[in-house]
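Two separate entries follow, structure 1 and structure 2, each one form of the same protein chain as structure tokens.
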Structure 1
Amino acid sequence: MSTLTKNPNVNKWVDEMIALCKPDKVVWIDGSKAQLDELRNEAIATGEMIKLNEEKLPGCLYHRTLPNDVARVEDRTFICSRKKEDAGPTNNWCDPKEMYAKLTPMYDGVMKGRTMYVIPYSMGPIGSPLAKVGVEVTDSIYVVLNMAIMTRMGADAFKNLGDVSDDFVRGLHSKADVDPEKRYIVQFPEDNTIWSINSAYGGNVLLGKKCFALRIASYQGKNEGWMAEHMLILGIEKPNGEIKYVTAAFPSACGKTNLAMLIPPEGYTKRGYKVWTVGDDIAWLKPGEDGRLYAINPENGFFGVAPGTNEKSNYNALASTRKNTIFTNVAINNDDMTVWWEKLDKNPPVNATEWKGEKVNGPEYVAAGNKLAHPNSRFTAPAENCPCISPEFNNPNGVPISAIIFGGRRAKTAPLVYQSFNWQHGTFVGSIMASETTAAATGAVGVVRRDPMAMLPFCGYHMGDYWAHWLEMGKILGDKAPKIFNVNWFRTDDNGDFIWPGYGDNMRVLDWIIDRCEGTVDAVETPIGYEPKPEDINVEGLDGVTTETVADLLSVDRELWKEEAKGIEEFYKKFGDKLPKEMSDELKALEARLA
């Protein structure tokens, strides 16, 4: 029985989990500094965590996972809805009864000889009407210490739940034997339940993250009239102090975190523009009392990919990792107990420990074609460390959203930016989001991968029903709905080089988007949507990019788009009679405009 809550639903469920897993000891996490310090010291003493340089990286810890356990495992991730059709064609499905029957024996006695930690946490600010409560039980100190950064964790989390509510997400995790053959990450949407076993890697075990904040929450949002989206949230402050907020969804490797923490180009900074980060990965959106759409970031930290993060690519993300951060699977510089990863700088440490734990000569090791840090190595950093964290970060009501931006990585098809004709057309634009595979992914280069709203791996129910929910939200919001845009920073010239400079200069496109939301700039109608007049994208101070370059970046190749339409039709077939009629209507309308 917990002293942290009187809620009988929580206590009953935790008792059931204790009876199933049979831990030697149970520790309820109250979130206090004293308790967390004790856990950190214990993890350092057992070698599960390594303490880093206290002067250069105060409060920072290092952890490595097993080589078989370094990323999310989509083929072992299931949506166990009672009806198969509710999971849809893009999710792995199993009958919940069957899955419970398969997994229960695996958890039986799995924590013998171990401690069970009971973690109460809030997704979203404590007291926010948009926040939700979860309780995760785990046998991993690593999970506790990461959840302390990623969520509002501890006794306060129960404030939102109160003493009687049953509306909390039940998360059961055990690292068990970290056996990849018996690894399962399972969502039971109708039971508000997540079970994860045989992994110790963040994305599979920090159950507040993708499992709750997207897979379970998207299902909750559909039933409760709100949206859980794989989106960053960004505030753009104009010289007059007015701030407009946007959300944006991009598939992985399309610069999402970089956009979330954008530093405006010099010309903009001098004029007094600022950018504020509210979130880098997940947005929960709900209509407010004034009928507009408001967003909170349900998370409290950043779980970022380390390789490629440096002073130039993302100054603010790097700055976020300077204290109280957990680094996973990066390299260690043994001379001063700091961390290193590919593209941090050009100087791999000579006296290095690579991510699997082997001591190596860094420059020689890298020269031989090896990676010192795992390509999916991570930092878990508190949001409050971020130099551009928004003053509204903890606002319980969230921030009002003016624009929703979709994007992907397309070499030729998609223009730099276009605006949808309306919300329904914008839903269509989100549903056809795609990226071309790069050399980083295995397989052929340039293959189009559809990832609607960047939610393909994270939607907790049938994608057709998800689009229907988007359309429904549009009706609820009416003329107060955010405007919807699509961007593409990745157009290439005939040599395969990017034409648009990207990074901070993406501010120039955001500037036009905000002007459109305010109705202060015109647009040109094209078959795919409204585009800027080339002269309305500010290119002042840009090397080698002229208004003519912008005109080229905005060109719409009808033949390429006719091919695109065929690809969309093929993709839509997957969803059968669950595809909303509005989506096929939009496709037909696009084909007619192209003809």
Structure 2
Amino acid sequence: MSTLTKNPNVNKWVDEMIALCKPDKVVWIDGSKAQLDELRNEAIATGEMIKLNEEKLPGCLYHRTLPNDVARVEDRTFICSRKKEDAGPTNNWCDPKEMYAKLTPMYDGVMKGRTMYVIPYSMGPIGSPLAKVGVEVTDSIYVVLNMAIMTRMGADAFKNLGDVSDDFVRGLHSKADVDPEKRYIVQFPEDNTIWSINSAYGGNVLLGKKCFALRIASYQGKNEGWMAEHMLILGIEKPNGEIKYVTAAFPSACGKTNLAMLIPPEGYTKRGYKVWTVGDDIAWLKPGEDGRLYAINPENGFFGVAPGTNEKSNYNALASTRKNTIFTNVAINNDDMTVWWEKLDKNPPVNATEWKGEKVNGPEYVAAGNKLAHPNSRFTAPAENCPCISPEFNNPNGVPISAIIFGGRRAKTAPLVYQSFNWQHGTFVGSIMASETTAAATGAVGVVRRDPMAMLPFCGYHMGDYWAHWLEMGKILGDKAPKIFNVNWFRTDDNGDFIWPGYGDNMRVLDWIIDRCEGTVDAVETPIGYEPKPEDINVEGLDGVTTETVADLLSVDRELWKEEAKGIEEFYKKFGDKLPKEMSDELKALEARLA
């Protein structure tokens, strides 16, 4: 039995996992600095992690995963609810009994010769009424060190669980042989259980993140009256000191981290605007005592996309990675043991090791069309490192949300920004999201697919029931519900170049969104929703982007949208009688407005 907790439910379950995996040794993670330092040193000694330049990147480590193990694997991710219809048409499903029977032999003795680490952690500030406890057992030090950054990890999480509660999520992970043919990422929502095997990468193995905080938590939220969403949370401080909070759901690698940490254009900073980051990937939302919707970030760090991050595009993210950070699958500059990735700067290191571990001449390698860092290479950085981390980051009650923003990568169709007519229409707008696929998951990149609410890979139950839950939440929130918007930073011109400058300049769109929430700016009614008058998007100080450009970015091509409506109808058919009538009504209303 552990000295960390007397909770019999925890101890019994860990004993079962030990009996199954048969590790040589079991280490309970208390979260102490001494213990973590010891694990870091062990990982460095075995070569699992590489120590980086102690002066330039203090406390930072490098890790490389196998080339077959660099992203989430959606085709090997399962929702094992007892009834198939509870997983719905957008999830892979298998009967839980069958799945346990298939995986149990794979875990049998898998940790022989290895150490099992038992990680207690809290998703959300410890003691928050919105927080939840998880325990992950794993044979990977990399997982322990990442969980130490991404969650509130250690003995305090057990204190919060108490001595009797059974309310914790059980996560079992083994890297096993990292065999992609035997890789499984499996959620058992009805058992509060996650089993992950044969991967050692990010979202597949940091079980507090996508597996718990989205797949399991979305199911818990439906049953308990709250929401778990793939959303950033940010606060916009206005010149009068007032802060308005918004959330935004964009699919993986579509700009959440960047928007969450943006630095407003000069004209705005001079007037006293500032952005505060509460979260960059996941939000848990629940109505508060005043009837408004409140959000916490269940995470404690950022597992962010490295390529594209630089001083100019995302100063705050880069600053967050300058100490106590883990870099995965980026390139190393061997001259000074620092890191490099595409678009960090224009100077790839000459004496480089590319992400797979081969020593190369960086400039030559890049000139030949190769990438030094994997497109889904990431940094794991503590939230406390972020220069613009919100003073409310640890507020156990979260922050009140004024607006919810949906968005994705669409070369055409979706305009720069529009507002839904109301919550029900906003739910429809979220449900019809589509976006080009990215390197965050294995498979083709750049293919447009439907990704409702950016939750396609993360909804732990039937998507039709999920939409019904959204509609239900709207009824509970009533006139205190956040306003719902849709944005698209990714429209392209005839050369395929992005028209909108994006990044910090997205503040100009947030500005309009906040004004709409406060009712201080007009809008134009279009068939798809309310749009800004082009002149109401501030273009002051922009190079080559005028009010005419904005008008173009806001144009709604009725023929394209009629095609879009057909695509939505096709997509909706998948959901059969689980599709809420409100959603098909909204589709009919859209078609009528387009006709």
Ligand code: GTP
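Just so we're on the same page, rigid core means the largest C-alpha set that superposes within 1.5 Å between forms. Note that this is a predicted model, so its numbers are computed, not measured. Here, a residue number simply tells you its place in the sequence of structure 1, counted from 1.
Q: Among the two displayed forms of the chain, which is the form predicted in complex with this ligand?
A: Only structure 2 matches the form predicted in complex with this ligand.
Q: C-alpha of D493: shift of 2 angstroms or more between the two structures, rigid core aligned?
A: D493 C-alpha, core-superposed: shift of 2 Å or more.
Q: State yes or no: after fitting on the rigid core, is the Cα displacement of R183 between the two structures at least 2 Å?
A: It does not reach a 2 Å shift.
Q: If we fit on the core, is the Cα of S252 displaced 2 Å or more between the two structures?
A: Indeed, S252 is displaced by 2 Å or more.
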